[in-house]
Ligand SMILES: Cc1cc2nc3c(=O)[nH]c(=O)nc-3n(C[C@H](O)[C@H](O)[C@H](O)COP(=O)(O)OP(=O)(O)OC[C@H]3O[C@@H](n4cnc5c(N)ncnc54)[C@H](O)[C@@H]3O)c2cc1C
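Below you will find one chain, with nothing else, as structure tokens; this is the form predicted on its own, and questions on how it binds or moves follow later.
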């Protein structure tokens, strides 16, 4: 019996592989295989072996230097950029798309912010699947992914993932203060953030640089577990070029000229990894990728908190989630992730304003301690998109298709959300609202959207392109749209759903 082939080891890849193994299928996972370099692993181990209050300042500084030294939209964790491909490795040409690819074991989940929410049914209008279809697969995914959080004001919006019995990462003083002052509203919902983080957080504040204890979940952890299961093979190697199929099998063609045969192929290489494979396999001139636009709204916490937000224990993942459900602003949910103090704030203030007030160091520190930044996301209907095509050298050419309503919609959302946050003691600085570049929020996909009656550049509810029976696309590429709420949990549940289905 031929095995099923899974291309990619990120969140979608491990989810579909887990579902296939539960069905008794044999699985071969193909990916780029990059992993944390030995010197970075040694630094991580040294930090993890020592309580954070005993870390030397040079250890802390060295751990943070990788991200602080990163250029442009590059992200680093654990002092290295191993899990994010530089733009020139993916694109022959692009005019501002900030999305990046990964060839690492675990994909971009090595670097993510761990924010976790399901999709709301009200944001899935016209989809061939429903919130109820995904609900059992959210539960299956959360059997191997930890989820921190509580039942609070967010619970009525997201019934597909009950929070009973879960525990939160202890919130910082800024979140405690804001939540204590927040009042209920039928159009604005503020609660503790939900994160994919295991118990045992020490509050060392290194979340944005790489948790030394690896408590922030990464798909590489599930790859390690799958390796222990009978019937699973992890096969790192050369990139996948294309996929063909016959009546009884599917063949994956690799860049070194070799090929691998399987019963079915489940394509989970990430949006930018999947696109060139589909362009070759389906002989398409281009694909259009949809994005969830993001912007940053700084707020100032006017009242003093019961403790300094920059003193351990604290974490720098999102502290709160805010959901705006106001039809006067958008027919879809507007989502925000609110971040309390982190070491970026003071650095940004010094960089942008230090030359004008060179002796104001204490001011920047004081101001940074009062900042709470809302990262606001919009539905893809309000956002830019990008046309992806193959360049002659095999890389992608990306052309951003701007949406003229994005900035106005972002300002409306920030103004409305800022009004509600003001009542929670957070003074919005709407004049300082800043839009992120297209793709910079890493909430993107919908290049081959699922529909009940697919045509060209679409897929059926099992992620199969027109004319293909043994190729299933299971990553964010097949989402019919990109809602504003967090993307990873929904992508994982959909991939698990497709893997759990027996197409015969």
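Numbering follows the first chain given and starts at 1. As the structure is a computational prediction, the values presented were derived from the model and not from experiment.
Separately, the form predicted together with the ligand exists; it is not shown, and the next lines address it.
> Considering the ligand in the predicted bound form, which of 222, 102, 385, 294 comes within 4.5 Å of it through any heavy atom?
That would be 102.
> Within 4.5 Å of the ligand in the predicted bound form - does that hold for a heavy atom of every one of 381, 465 and 478?
None of them does, since no heavy atom lies within 4.5 Å of the partner.
> Given that the partner is absent here, does residue 487 sit within 4.5 Å of the ligand in the predicted bound form, heavy atoms only?
Yes, residue 487 is a contact residue.
> Wondering, does residue 107 line up within 4.5 Å of the ligand in the predicted bound form on heavy atoms?
Within the cut-off, so yes.
> Does the 4.5 Å heavy atom contact test between residue 284 and the ligand in the predicted bound form come out positive?
Contact check for residue 284: no, nothing within 4.5 Å of the ligand in the predicted bound form.
> Whether residue 426 contacts the ligand in the predicted bound form should be assessed with a 4.5 Å heavy atom distance threshold; does it?
So residue 426 does not count as contacting the ligand.
> Can you pick the stretch from 232 to 240, 429 to 437, 301 to 309, 322 to 330 whose heavy atoms fall within 4.5 Å of the ligand in the predicted bound form?
Of the options, only 232 to 240 has residues within 4.5 Å of the partner.
> Using a 4.5 Å heavy atom cutoff, which residues in 278 to 293 contact the ligand in the predicted bound form? It's fine if the answer is none.
Not one residue comes within 4.5 Å of the partner.
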